[in-house]
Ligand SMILES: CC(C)(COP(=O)(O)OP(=O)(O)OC[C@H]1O[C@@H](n2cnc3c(N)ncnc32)[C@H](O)[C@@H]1OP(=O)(O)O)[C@@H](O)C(=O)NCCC(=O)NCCS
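One chain comes next, on its own, written as structure tokens: the form predicted on its own.
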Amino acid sequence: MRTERLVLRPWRTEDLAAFRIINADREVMALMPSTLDDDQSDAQGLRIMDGIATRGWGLWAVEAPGIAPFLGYVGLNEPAQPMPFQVDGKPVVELAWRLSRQHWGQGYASEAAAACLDFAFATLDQDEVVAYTVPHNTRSRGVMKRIGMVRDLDGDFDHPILEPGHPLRHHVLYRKRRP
């Protein structure tokens, strides 16, 4: 997929090195349970690559031609674990992103996420897409709002893979229905 400034594409093996740097950055990963070591990062990158190869869509690599060959990822995902919400009783498709810190604040996440929403509705025929984060992740919540997602106050939940009492367990849920 192409946007005004970006290319969303399948991953290349050489993207894994840049992904390791993103996943080791404490600021990028501050609102995740932990940073990832090289093996964990590569394993995650390979799962993402496999998902795109299998389904034809997923968490695409984001490239800014003439600026950077790999900014991180933005795309659509089917959560690996059951989540405490569904979309009209069907499996949920979530919108997610992780970009390198040096590319924050330039509108790349919003631009790519909007293209992914269009893809979800037009190509995947989704009725609704969700996104979620911890309440104090103002950057991601800003992206969700900019692309027209609306918070589902009744949908806030505790993430099932995090133990009770974990400071990142509670999440806010945003939704966008097909136009």
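Computed from a predicted structure; not experimentally measured. When you see a residue number, it is the position in the sequence shown, counting from 1.
What comes next is about the form predicted in complex with the named molecule, which is not displayed.
Not displayed here, the named molecule is approached by Arg5 to within 4.5 Å at the level of heavy atoms in the predicted complex. The named molecule is not shown here, and in the predicted complex it never comes within 4.5 Å of any heavy atom of Leu76. In the predicted complex, none of the heavy atoms of Ser41 sits within 4.5 Å of a heavy atom of the named molecule. Contact annotation: Asn137 falls within 4.5 Å of the named molecule in the predicted complex, judged by heavy atom distances. The stretch from 60 to 68, 122 to 130, 26 to 34, 150 to 158 that comes within 4.5 Å of the named molecule in the predicted complex, counting heavy atoms only, is 26 to 34. Residues Val143, Arg146 are the members of 142 to 174 with a non-hydrogen atom no more than 4.5 angstroms from the named molecule in the predicted complex.
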